[in-house]
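We begin with a single chain expressed as structure tokens, specifically the form predicted on its own.
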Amino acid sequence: MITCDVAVIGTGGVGSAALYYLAKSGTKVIGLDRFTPPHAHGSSHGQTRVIRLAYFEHPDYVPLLRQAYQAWNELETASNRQLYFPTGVLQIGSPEGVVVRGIRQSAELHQLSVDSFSHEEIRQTFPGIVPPEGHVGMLERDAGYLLVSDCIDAYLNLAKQHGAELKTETTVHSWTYRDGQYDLETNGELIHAKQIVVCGGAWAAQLMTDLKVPLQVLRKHLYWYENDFDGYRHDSQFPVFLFETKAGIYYGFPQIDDYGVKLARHDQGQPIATPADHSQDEDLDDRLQVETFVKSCLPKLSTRLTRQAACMYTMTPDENFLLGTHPEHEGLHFAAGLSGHGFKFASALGQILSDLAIDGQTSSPIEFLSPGRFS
């Protein structure tokens, strides 16, 4: 039997950050993960993740992104390793589309610096890109990408240095609350915790069945393509990119290693009943759609596949996060339903969950992410 102040369930992007901030505060904390992180069985893997400030999804995310940028910088300093790479992020779409209109709204509301490019200016400035006719570009020069597994590894190492315990290959089957504490039944020891922080990703719904917000799990595919064009390389100042096209939303990264250019489709995805149904099997139809995009918009890139992977998106009905303290269970705090755009926020979400567990409140503006919005 193990006793602690706080048990963090799931130690991927958000969970590893929460574990670190709780341990740093002097809290007796244990992290529990059904695998051995960093791993490729959930949502926080696949080499890189985009981070950008002019957020088209919802302008209310911008203050949280500012907090996240600062926290990622602090993690780099504490771990003495570069985790964030400011390549710039170029987002392309119709002037009337969700992406371009959303970026402009966030930039105007929060006074952000974003450069606009006409269709022809995109082609002149970025010779490897052929945008769809009538599309324009928005370049956020200070945006870029994070090394996802390195971020998790840094947080976990620092958490352990501050006294956190990490138990891997440990599945939490259920929890009960009695006598002012939570009893966690695992495949190993029984764990007693005064509070729990749920960062279970695709497994979160199984641990919070009474939250009454439907969460859909999607399997998403990532691809790396062989590249012989210097203009698509990181060292040639090629940016992270996102295209909103009539055929879907596609995004990718400059080449940073021998695998080539990483690409994926952000929308669609394969619904799976439970995380146990997730696999790394290829989806030929999805791959062909990505390669059709490549031939049209990145014509200098090969479609010779060098690597393929799959991860999971856990979707809320409105594709915004669930974040806060459970309305019916005192001391149960959670970040769930990150809907495929949560990793960039992981540093800030870890701080917020630590605040909730230690102080019972947070000064971060998270009201718009409360599950109460679905009531």
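Only a predicted model underlies this, so the values are computations on that prediction, with no experimental measurement involved. The first residue of the shown sequence is 1; numbering continues from there.
The same protein also has a form predicted in complex with a small molecule, omitted here; what follows describes it.
For the options W203, Y225, Y84, F117, the one in contact with the small molecule in the model of the complex, meaning a heavy atom within 4.5 Å, is W203. Contact with the small molecule, judged by heavy atoms within 4.5 Å in the model of the complex, is confined among 102 to 110, 169 to 177, 89 to 97, 122 to 130 to 169 to 177. Taken together, the three residues H234, P239 and G260 all stay farther than 4.5 Å from the small molecule in the model of the complex, as judged by their closest heavy atom. Contact annotation for F343: at least one heavy atom lies within 4.5 Å of the small molecule in the model of the complex. Taking the partner from the other structure, the small molecule in the model of the complex has no heavy atom within 4.5 Å of any heavy atom of L323. In the model of the complex, L158 stays away from the small molecule, with no heavy atom inside 4.5 Å. Contact between L338 and the small molecule in the model of the complex is found at the 4.5 Å heavy atom cutoff.
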